[in-house]
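There is one chain below, alone, in structure tokens, taken in the form predicted on its own.
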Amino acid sequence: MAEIIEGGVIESFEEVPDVRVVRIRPDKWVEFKPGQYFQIFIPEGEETVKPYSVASPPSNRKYLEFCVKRVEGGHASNFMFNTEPGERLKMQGPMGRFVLQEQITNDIIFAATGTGISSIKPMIRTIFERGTDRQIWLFFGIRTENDIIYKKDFETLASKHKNFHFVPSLSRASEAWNGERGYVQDVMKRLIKDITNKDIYLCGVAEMVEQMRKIAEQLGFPKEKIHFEKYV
């Protein structure tokens, strides 16, 4: 049974429209693996719990970072969206088996949509903290340029590491956009031709993940090299 801990909100700020970063400093530090999540207890009304992936890497012991997308009418997301520094929250975790492998021996392809990026971000951070000469790809599907969560973080990482390839793909791009357009699964299929010695990690809405999983199988990825987590 995962441990129940309490913590205080220390920061809450807008990352992109309708997506907020909430940082919580736990009273007691709990070790977790990149990709895992915590259940956060939502105290307003009838108490409920909502899973949120930890977007900060395990090496950062100052706080647990959560990426929250506001859903219209969503009880949990609106509560989390409106939290302010000083508020106290109860959490249970860590949980989840969608985690980064201990040893990075292959090139890695990450593909995410929306706040599914919150599971992927600490994995990529941890890879480069450890150091690797493997090629690391991140395909990130979103609607518009204004929706690119953690854009500066990934662009900075790409500028520091030539083996990191950040490929955002917009489904509703403006005429001024010079990057990839269309659905992330189509972009990945077009750009990745050789799957030899590669692992693939998928995270996002269920429909995208299922399509990407099928594409990965069609490309020849062995099932044990396909790691995924679906969001409802």
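What you see is a predicted model; the values in this text were computed from it and never measured. All residue numbers refer to positions in the sequence shown, first residue = 1.
Keep in mind the form predicted together with a small molecule is missing from the figure; the text below concerns it.
Think of it this way: in the model of the complex, the small molecule has a heavy atom of just one of Glu84, Glu102, Glu72, Asp133 within 4.5 Å, and the residue is Glu72. Using a 4.5 Å heavy atom cutoff, Tyr52, Thr115 and Tyr231 all lie near the small molecule in the model of the complex. From the list 104-112, 122-130, 151-159, 76-84, the contact stretch for the small molecule in the model of the complex under a 4.5 Å heavy atom rule is 76-84.
Within this chain, Ile195 is remote from the site of the small molecule in the model of the complex, having no heavy atom within 4.5 Å. Put simply, Leu64 is far from the small molecule in the model of the complex: not one heavy atom of it is within 4.5 Å. Interface residue remark: Tyr37 is counted as part of the site for the small molecule in the model of the complex, having a heavy atom within 4.5 Å. Using a 4.5 angstroms limit between non-hydrogen atoms, Leu191 is distant from the small molecule in the model of the complex.
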